[in-house]
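Single chain ahead, written as structure tokens, the form predicted on its own.
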Amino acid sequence: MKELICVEGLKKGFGGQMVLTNVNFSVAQGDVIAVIGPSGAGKSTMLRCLIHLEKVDGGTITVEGKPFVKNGVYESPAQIKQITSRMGMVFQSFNLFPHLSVRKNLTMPAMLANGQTKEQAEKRAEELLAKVGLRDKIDMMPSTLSGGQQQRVAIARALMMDPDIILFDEPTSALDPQLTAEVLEVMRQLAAAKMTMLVVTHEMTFAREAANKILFMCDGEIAEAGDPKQIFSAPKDSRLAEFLRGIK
């Protein structure tokens, strides 16, 4: 399968404290990769570095064969923008614009950043909201929606840009079990449709059932990687074995 993302020797620190020490992994087209690990392992920071919301201190990130940072040195702003525009992101806290309707939350970014016409954006927004079961909420304000509905709108917004990969940063951690189930069902549908996804999650059932690859992060690195069966039934790294014992 075509390689979409390659990460080599990624490093990132805050205030002299290293959060990512040496991260290495790759994402192929059609992969659904679950990133698991204890709090503070650097999972969310890693995602933010991939989409240029944080600046790395070292390492190389290549997306679809094009580096946007090489050995800690960034490419031109134009190339970075072009590369990161092929990625969507869904945040833990939804990050919808509270003063805009659901319709405008979807159409405005697509028109401003992706060059879609109003008609194109409107049609696509309706299609995607229907896909996540929220077509009837198109003219509602985010504050009138449940957390699960807001997160499904956020997923639809990410899809508006026709990304090659979507990054999910703990998309269900702010939700109760019922709302979590709503969001995970949409994510399972995306996985079944072969959407490439990199998902930081504490939902181990989703990781077991929907992912084809697991990355276990600990102490700022990928401590173990493998398919779900191997990771969950025969972990090799002692930190992974301890982590799995703690969540059972």
Partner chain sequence: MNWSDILTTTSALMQGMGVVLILFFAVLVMSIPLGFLLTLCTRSRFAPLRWIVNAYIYVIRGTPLMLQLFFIYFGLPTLGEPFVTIFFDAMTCALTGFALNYAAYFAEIFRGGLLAIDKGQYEACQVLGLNKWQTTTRVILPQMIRVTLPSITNESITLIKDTALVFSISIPEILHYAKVAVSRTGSVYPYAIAFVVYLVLNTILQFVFKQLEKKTAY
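Numbering follows the first chain given and starts at 1. Everything numeric in this text was worked out from a predicted model, so none of it was measured.
The same protein has a further form, the form predicted together with the partner chain, not shown here; the description that follows concerns it.
Not one of Met204, Arg208 and Arg239 comes within 4.5 Å of the partner chain in the predicted complex, counting any heavy atom. In the predicted complex, no heavy atom of Ser76 sits within 4.5 Å of the partner chain. Among residues of the shown chain, Ser143 is one whose heavy atoms approach the partner chain to within 4.5 Å in the predicted complex. Interface residue remark: Lys123 is not counted as part of the site for the partner chain in the predicted complex, having no heavy atom within 4.5 Å.
Among heavy atoms of Gln92, none comes within 4.5 Å of the partner chain in the predicted complex. Between the options Gly133, Pro109, Gly72, Gly147, the residue in contact with the partner chain in the predicted complex by a heavy atom within 4.5 angstroms is Pro109. Screening 59 to 67, 26 to 34, 43 to 51, 188 to 196 for residues having heavy atoms within 4.5 Å of the partner chain in the predicted complex returns a single hit, 43 to 51.
Heavy atoms closer than or equal to 4.5 Å to the partner chain in the predicted complex belong, across 152 to 183, to the residues Arg157, Met161, ordered by sequence position.
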